[in-house]
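So this first bit is one chain, no partners, the form predicted on its own, shown in structure tokens.
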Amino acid sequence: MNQQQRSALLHSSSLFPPPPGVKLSYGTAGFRADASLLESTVFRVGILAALRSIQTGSVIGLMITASHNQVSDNGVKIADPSGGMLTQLWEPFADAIANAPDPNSLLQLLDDFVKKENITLEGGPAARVLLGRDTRPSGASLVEAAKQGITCITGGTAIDVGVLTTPQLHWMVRAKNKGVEASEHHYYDQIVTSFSYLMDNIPRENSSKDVNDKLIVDGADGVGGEKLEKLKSSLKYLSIDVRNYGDGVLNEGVGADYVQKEKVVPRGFGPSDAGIRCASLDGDADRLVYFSVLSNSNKIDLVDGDKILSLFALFLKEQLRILDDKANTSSYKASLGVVQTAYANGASTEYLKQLGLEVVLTPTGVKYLHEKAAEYDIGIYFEANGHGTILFSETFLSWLENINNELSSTSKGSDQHKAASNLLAVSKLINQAVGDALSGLLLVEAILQHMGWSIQKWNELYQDLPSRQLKVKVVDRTAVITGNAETVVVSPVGIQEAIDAEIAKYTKGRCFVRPSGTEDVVRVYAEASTQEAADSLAHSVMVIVHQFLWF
């Protein structure tokens, strides 16, 4: 790092002093806090994004959002060249620079890191960073802080792409680095075209009057609602009533997180919506859940991420079966895998296994799910909270393109040709960079039409086991060490045996504990055959955790 670069960094960072007494940590969600505390952090993440771009020689994304958090919060996270999350290897560096107490400390950290990672700041590729933000009022000033961070690295270019959903920014980064047109317009064009293709391919025998073309969507008063309100006129076969798309307070009594946790109707919904298919996005539109309003009640029948995953798996498995039925495609056996965390309802895992699918568990966090799903030709992952997507391997897509071209010339319109075309359309409709509520919603709608299913029929795939989640305040959450995808406690010694003894008392009992990633609590998740039993099991295990860890 030459003297000119060092001087520029020292000067710029002096303009963004860190708030005293605040320590932030980078996780799956990036940095999040009250927006008033974030200017320094966002500036420094701008520097990080520029360095990551130079190191990889690729476009990097920087998104300013706090997703489902309250409107006074904000956050910042990085999209890597693949469009996915920032590599875990850089997370400790992100923590270190965010918490550096002064410009000189920051400069020393940057100097050491640049040397360690062999990042060339002179004569190498220039940094290119796409900057996006959601609709939060604090977003505009934080974008300016990010720009300052990016451009204080010599040659760094900040490309402000405006107000976007988080998945749109991730999609653009992935597309840019694949050499594909990557504007918001191209995003819409790709998902609308793919959706229309799938809808045109619906088997006549599966057309059903049970599948109403009307869908009501809760936009969480966030960016996703705004985007969908503009997009809906482009969609054939689907009538969308978007509510909560900017006329209320972001995430207040609305949104996927609220609906999934509280299991009640969001603001703006009521008894008159009973029986109609409804969906809810979260604040930055990377989560999606469905629900139906119960008659004369503010309660709902929730269709969460587990059931979205099951619907996708069922459809994709059927398309692969149709291809496998034909001798001339037997040379390639595509691997289809499903990835969940321990928080997935046990009934969903059992259902997927009964379908003959390979189901694997990972630790909680999208970065773990995404990495595991990428090991399959088709890897599907979803969390119950509605965040997830489908990944297709390049090898499989290349094979599929060849098969589709061959069938287009020899047996166009055959079941096999339609199956190959459907799989290709799904790969283009779904956002392979990250969970995307808009593209996921369109895929759900297309598959329900293919199946001829109402939301009630979909919800009957399996019956969720009653569950309960609790958290226990502890002195030191790091005292809990888990293994086997967080399903067992390795340390303290003896706690897992005590938990197992409690689980054995309940029919269909299942329980695990894991330390929070952000606060000094241990989270408890329990399932059993009845709600009363699940509540009792969770409470008993909470007592065990307290006994072992309150010291």
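Keep in mind it's a predicted model, so treat the numbers as computed, not measured. In this text, residue numbers run from 1 along the sequence as written.
From this point on, the text means the form predicted in complex with a small molecule, which you will not see here.
For the three marked residues, 68, 286 and 385, a heavy atom of each sits within 4.5 Å of the small molecule in the model of the complex. Proximity of residue 510 to the small molecule in the model of the complex falls outside the 4.5 Å heavy atom cutoff.
The closest non-hydrogen atom of residue 487 lies beyond 4.5 Å of the small molecule in the model of the complex.
Residue contact check for residue 28: one or more of its heavy atoms lie within 4.5 Å of the small molecule in the model of the complex. For residue 218, no non-hydrogen atom is located within 4.5 Å of the small molecule in the model of the complex, even though that partner is not displayed. With the small molecule left out of view, the stretch that reaches within 4.5 Å of it through heavy atoms in the model of the complex is, among 182-190, 414-422, 385-393, 152-160, 385-393. Scanning 196, 364, 138, 449 against the small molecule in the model of the complex with a 4.5 Å heavy atom cut-off leaves one residue, 364. Contact with the small molecule in the model of the complex, defined as a heavy atom within 4.5 Å, holds for exactly one of 483, 517, 57, 492, namely 517.
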